[in-house]
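Take a look at this one chain, the form predicted alone, written out in structure tokens.
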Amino acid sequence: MEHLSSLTDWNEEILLGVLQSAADFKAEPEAFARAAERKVLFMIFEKPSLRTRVSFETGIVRLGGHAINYDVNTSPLGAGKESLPDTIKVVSRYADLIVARLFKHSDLEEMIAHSGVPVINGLTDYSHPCQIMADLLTIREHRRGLKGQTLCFLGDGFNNVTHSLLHGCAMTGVNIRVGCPAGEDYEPLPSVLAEARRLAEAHGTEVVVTDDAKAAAEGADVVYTDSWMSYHIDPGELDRRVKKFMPYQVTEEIMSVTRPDSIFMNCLPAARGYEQTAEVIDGPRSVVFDQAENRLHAQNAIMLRLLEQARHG
């Protein structure tokens, strides 16, 4: 049974094939209108969601299937009256696919261990593969390909988006520079960095981590940032984190050292005046809403890939 917990579950060939399928779906959605006919997607969410829930639910409907949203907070699972393995074993008898948006990656791994159908990581504390598939699709569209591009990520390097960007970029020929404060609370996990560097060596790409924001952005084709206050961070940490991350805010000054035709990305939600200024995210180089739309197309391709593999498994 094939699942998607991390982009490293796939090789470059599969990843690029899924991206091409996403582009095909985006170009001609009616051709796929019955591709998942009568298939059921079960969505289990511990964390709040706009893009993940709406894009998955819309996507499976456009493929001819149906979605069930399962709110953990009002469930036997959330009340502690049913175990995670039992829940997943039951759901596997009803649904064809499961997408999970969870706090702990270990819970996703437990789901996978007990599931009889493909499980998709809709976000955990470790990785966010669906987002990065949408990001790569967006870069492919706006930068006319992936290989040889340079992406600069500024902000919190110790988060799921950064981890998956490191994997995804390294595998698809995109050089990646992470500009973040020094220290284990702000830099990518050493294990992720080691894997990304191994992948980069195999695919001829470069991985750099630096505490110099301008050096990270110099000549970049893509500038990417994410929230400084992820869902798992205590709101009381805001002032301390703002002080720590403000040198990594994406401003017009930062954009001025990138390539003249560079693009700006943020996976949203975005806080203007924090991780980026309003003039950047609302400016002409911003592609954040194309990026958000591409969640739909990338995830449709992911679902079709996993359904096809399950059919032949």
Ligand code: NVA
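Residue indices: 1-based, along the sequence shown. None of the values given here were measured: they were computed from a predicted structure.
The same protein also has a form predicted in complex with the named molecule, omitted here; what follows describes it.
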Counting heavy atoms only and using a 4.5 Å cut-off, do 160, 226 and 267 all touch the named molecule in the model of the complex? yes
Can you tell me which of 71-79, 228-236, 113-121, 191-199 lies within 4.5 Å of the named molecule in the model of the complex, counting heavy atoms only? 228-236
Which residues, if any, of 24-39 lie within 4.5 Å of the named molecule in the model of the complex when only heavy atoms count? none
